[in-house]
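A lone chain, given as structure tokens: the form predicted on its own.
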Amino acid sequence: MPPLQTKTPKILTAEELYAILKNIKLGGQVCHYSLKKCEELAPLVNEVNALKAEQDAVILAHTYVVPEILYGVADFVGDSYGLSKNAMSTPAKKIVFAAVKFMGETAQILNPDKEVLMPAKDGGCTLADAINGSEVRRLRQEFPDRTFVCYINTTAEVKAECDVCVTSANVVRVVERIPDKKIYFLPDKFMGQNLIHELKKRGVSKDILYFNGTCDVHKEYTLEQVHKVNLEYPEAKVVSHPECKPEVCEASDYVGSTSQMLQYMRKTAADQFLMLTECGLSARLQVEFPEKHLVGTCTLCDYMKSNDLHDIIRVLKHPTDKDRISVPPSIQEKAKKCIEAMFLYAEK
């Protein structure tokens, strides 16, 4: 989605907001929009946009947060990697990051001179919370001859203890280019298993060990679900995230990051899709490609969905220390080296 930055507040009527969101029907009240609901949301959307203009702030929103944030107030929408680069590109000194805490930390590491605020009531993440810095230090003592590669879905403390960071979009490319043959990948075991499989398919020889963390959203998808949808909707394209189980990814037509999945749908002629990721991407599909149809179900991330307009207003009006992301300088410096190593391998 292109940035929507402007010094003049963007004002949306309830009817305009409803026109954008009316096609979202994913079940339940979180992802279903009536005109009445939009009449309640529009004043909040307009208040956020007015505060944002007054304070020269920008709002970054991960695809998995609620659609009224994505389409009502966000300046940039995407995945964690893309949003952190967006944060670097904006001259604004105040960033409100509607996502989860590790993403805010990454933005703050890359933008140490900017104020980063997190509105999420619960900014946790099962992957990021699966491992901490002391556990990485223990593993490094156990496996001193390995290059430690961490997924971007980790805390700043964990990044500071690792050598190279990766994203779901560039993990194969980066690991393939690391000179060391011996790798320890963390924290997602399914992504680690999918990485091993993909490198073997490419004829790349690496000795990869991996940690046992999982994403609560993506681990729920099963091969049986895929087979059931294949029987009912044989023309549907199965699109999955590399945090899914290896057998699910193997049975998919496409595997990629959130942004890559959206690009695949944009370019693919098919009109039926089974989306094996968080419901936010399915909501974007229904808004941006209403001619395409979703089959099966999607899964909500409670952490991402804990971001709402009320809390964005609160952090813009009365931010507390708890809302501000502050990474200690010693951790920030080491974590930045880990992220910069990713840029080196991904872009060379």
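All residue numbers are counted from 1 along the displayed sequence. Keep in mind that this is a model prediction, so the values were computed, not measured.
Heads up, the form predicted together with 1,3-dihydroxyacetonephosphate (13P) isn't pictured, but that's what we're talking about next.
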Contact test, all of 79, 103 and 168, partner 1,3-dihydroxyacetonephosphate (13P) in the predicted complex, heavy atom 4.5 Å: yes
Which of 241-249, 176-184, 221-229, 141-149 lines the interface with 1,3-dihydroxyacetonephosphate (13P) in the predicted complex (heavy atom within 4.5 Å): 241-249
1,3-dihydroxyacetonephosphate (13P): the contacting residue among 155, 194, 108, 258 in the predicted complex [heavy atom, 4.5 Å]: 258
Exercise: residue 52 in contact with 1,3-dihydroxyacetonephosphate (13P) in the predicted complex, heavy atom 4.5 Å: no
1,3-dihydroxyacetonephosphate (13P) contact at residue 284 in the predicted complex, heavy atom, 4.5 Å: no
Residues in 46-64 close to 1,3-dihydroxyacetonephosphate (13P) in the predicted complex, defined by a heavy atom within 4.5 Å, in order: 62, 64
